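Shown next as structure tokens: one chain only, the form predicted on its own.
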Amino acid sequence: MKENFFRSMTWMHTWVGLLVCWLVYLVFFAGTVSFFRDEVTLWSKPELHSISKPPAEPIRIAQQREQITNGIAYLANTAPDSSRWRISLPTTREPQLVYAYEKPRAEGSKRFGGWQTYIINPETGEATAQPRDSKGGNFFYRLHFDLHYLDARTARYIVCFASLFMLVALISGVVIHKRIFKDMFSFRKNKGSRSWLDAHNVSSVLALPFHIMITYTGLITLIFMLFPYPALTAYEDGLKGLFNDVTPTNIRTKSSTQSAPLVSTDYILDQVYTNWQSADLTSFSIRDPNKASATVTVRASTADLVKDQTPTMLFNAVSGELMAQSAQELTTSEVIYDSMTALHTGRLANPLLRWLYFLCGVAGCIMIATGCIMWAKRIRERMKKDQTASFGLKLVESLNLATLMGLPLATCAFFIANRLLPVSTVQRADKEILAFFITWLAVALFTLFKRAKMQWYLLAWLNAVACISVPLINALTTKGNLVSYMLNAQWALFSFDLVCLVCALLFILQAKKLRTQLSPPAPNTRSNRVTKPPLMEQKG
């Protein structure tokens, strides 16, 4: 402990934040992109760009019955022996209609064979060209908490502990801010580490409620992994029993080999619309179709409710009997947990609120970035001219450069690979992800040898070029571009290209700022000018 409480909190804020700042930056960065997960996925599949948005809600709901009936007939003809059928209905963010069936398992394999999907244009009812294989926004969503190459459970533990450190850093930061409201409006440029501190304070305070909310709710989403003991005590089968109790539609019937015809789709939908008037359905799936054990699961959108649990109904697909449905009224504890999960995921957000989430996420990235840069800057300023930098300082500077400049470049590489890789490439989605990590690794290796301002300058220009290249390559390889997106009111695609250009402009401004710092100071002509003696002295 330090000599007083304030210094103890300052020490804790500094070191708790520094130890995990690069991992938390990755989590914040990927999570911020994930707020537009569906829009990024749509951009990554230009084959779907010609599909128009679904009509307004009353008309869309009227169309859903026909789309489901046609989908069942389509799958019955295409894959009558499949163990699962699924119909994903168009939404505002995902305008395509999807018919899918589960492919058979490989011989001797315990894993299911994956899904065979057919993309249907909801306006014409005809199948479209199969879109290119790409994870799109789902890659960033999973990277946000699974860290991709790590075992999922291990990765989530790591992210949990990093989030806990982040929460401690936020709370201790509030404690040590004696002038928290004044700092919101204070920024002194060209003052060395003082300027970085001001930038850190401004980005922290402006979005402080969001930072605390998103960090705390992130921990809550994985709370049962961290603290499973109440569930293990209350239920004989532990967490499985808890989740089955909370989600009664998890009922699994034992598969039967006996054949049985499916009940009329209209009979099931009549019950759905009787219970959920004006329900906006999102999916209609059948397990074990054409068998005595067949069940139908119907899911609806939560719309803009602060609710994460999807409204679900489970039917006997042979008799049409309602077997289970999600709870209409939740207990207080369920409401708290479900609301916090909904706030974290942001699925409730309308476009304006989603952009607010995004901008607050960017503020979080700036807060973390300025914090770790400021630490290294202060150490550098305190060093004597003949003093050699320690290994710890070099490591922090390398991680700063590799993470803060490497992640945007790797993201651009991911999107460029999406457009340049041949559509027929085997495991194409994995190749896009590989381009992301190879680019990031190349930047990391580069920073091991050089990490001075010149390297920041070079990477700033490289990032600017990469950000400009994304919409440019998109325009050259597809039928869409910034202008056509605006004329066709394809605002999700327009926003994607516009954000890339804005990022390019910011990197150009950063490069120009670094260039002025790298340039030697201009000579002072006044100090170099020879002073003439006074006129009287000249005459004398």
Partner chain sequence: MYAQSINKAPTRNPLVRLKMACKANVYALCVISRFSAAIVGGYVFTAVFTSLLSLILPLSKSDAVLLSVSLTILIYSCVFIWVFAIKSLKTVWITILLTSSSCFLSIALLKGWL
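Residue numbers count along the first chain shown, from 1. Quick caveat: nothing in here was measured; it's all calculated off a predicted structure.
Beyond the structure shown, there is the form predicted together with its partner chain, which is absent from this document and is the topic of what follows.
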Legend entry - 4.5 Å heavy atom contact with its partner chain in the predicted complex for all of F161, L167 and L242: yes
Inset, instruction - Just give me the single entry in N77, S278, Q258, S333 that has a non-hydrogen atom within 4.5 angstroms of its partner chain in the predicted complex. - result: S333
Inset, instruction - Would you kindly say which of L401, A417, L219, A466 lies with a heavy atom within 4.5 Å of its partner chain in the predicted complex? - result: L219
Legend entry - its partner chain contact at Y235 in the predicted complex, heavy atom, 4.5 Å: yes
Legend entry - Non-hydrogen atom contact G114 with its partner chain in the predicted complex at 4.5 angstroms: no
Inset, instruction - Indicate whether its partner chain has at least one heavy atom within 4.5 Å of a heavy atom of M9 in the predicted complex. - result: yes
Inset, instruction - Could you confirm whether I223 comes within 4.5 Å of its partner chain in the predicted complex, counting heavy atoms only? - result: yes
Legend entry - its partner chain in the predicted complex: contacting segment from 82-90, 124-132, 167-175, 405-413, heavy atom within 4.5 Å: 167-175
